[in-house]
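A single chain comes next, written as structure tokens; it is the form predicted on its own.
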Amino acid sequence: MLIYGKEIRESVKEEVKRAAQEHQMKMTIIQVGEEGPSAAYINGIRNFARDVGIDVTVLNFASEISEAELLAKIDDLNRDPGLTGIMLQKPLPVHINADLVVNAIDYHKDVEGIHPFNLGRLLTKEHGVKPTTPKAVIRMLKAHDIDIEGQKVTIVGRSTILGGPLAVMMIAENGTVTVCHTRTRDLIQEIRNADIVVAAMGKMNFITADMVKENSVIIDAGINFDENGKMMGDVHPEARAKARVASAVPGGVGVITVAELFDNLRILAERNQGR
């Protein structure tokens, strides 16, 4: 059975819309250069913002901007008392240190939940903003009454914005978690052992039917585009068909991710009002 994210997104949207009537919220997106997939994601954010009545500004800089200039602009945004959240659209040009730029964002305005301070709060299970795609994965599982507690969870991918934080969040839900990556021995067996598989490596159709067991749950958080520009996941359609439950691509986790970004903005607005 394929599961989708539209109803979940609409539920979060209504919650954010109500919050926007009580708290003033404003978000700025920093984009360096232009890339097709990035533009599509930003358009999705603009549309969501319009629906909930939140002001979103996109600052687009030429790909030649220096690291120092970009850091200076972030410092200006940090100092803006009317700005609730800052989002950094990736990828950045190779001459800019992405980690340095993320660290420069005031963690009180880190709408993506990727600043080291906010990532650290995951380990102590404190309330606050969390990385958006991991949040979307957890919300999707819970919305479809899929138990995490006691389940063997295999996450394929260990990025600092997806696989890594998701592992911590799954452990907080009492899952038994294995994180796989390019150095994992016998990757296929690790995936076959899983009750819940989360694909998060960004390789189109990487997980095939022979790699998953019958009646497993597969959540595909991969976003790839084929030669015709069609969005594809990390999981082959035959593998999805073998699962008891599998998330759709497109229309699955990615649909919820934008909603989670605005849910984080809501959390920041409520927290900052109390400061």
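This structure is a prediction, so every number in the text was calculated from the model and none was measured. Quick note: we count residues from 1 along the sequence shown, nothing fancier.
The following text describes the form predicted in complex with a small molecule, which does not appear among the structures shown.
> In the predicted bound form, does Ala200 have a heavy atom within 4.5 Å of the small molecule?
Contact check for Ala200: yes, within 4.5 Å of the small molecule in the predicted bound form.
> Though only this chain appears here, would Lys73 touch the small molecule in the predicted bound form if you measure heavy atom gaps against 4.5 Å?
Heavy-atom contact with the small molecule at 4.5 Å: absent for Lys73.
> Taking the small molecule as it sits in the predicted bound form, is Asn103 near enough to touch it, meaning that at least one heavy atom pair lies within 4.5 angstroms?
It does not: once the small molecule is placed as it appears in the predicted bound form, Asn103 has no heavy atom within 4.5 Å of it.
> Would you check, heavy atoms only and a 4.5 Å threshold, whether Gly157 touches the small molecule in the predicted bound form?
Taking the distances in the predicted bound form, the answer for Gly157 is yes, it comes within 4.5 Å of the small molecule.
> Look at the candidate spot formed by Met25, Ala40 and Val111 and say whether the small molecule comes within 4.5 Å of a heavy atom in all three of them in the predicted bound form.
Negative, none of the three is within 4.5 Å.
> Though the small molecule is not shown, can you say which of Ile96, Ile161, Ile171, Ala143 has a heavy atom within 4.5 Å of it in the predicted bound form?
So the residue touching the small molecule in the predicted bound form, by this definition, is Ile161.
> So which of Asn60, Thr208, Asn224, Ser63 gets a non-hydrogen atom within 4.5 Å of the small molecule in the predicted bound form?
Exactly one residue meets the criterion: Asn224.
> Given the stretches 146-154, 85-93, 179-187, 123-131, which is the single one in contact with the small molecule in the predicted bound form, using a heavy atom cutoff of 4.5 Å?
Stretch with heavy atoms near the partner: 179-187.
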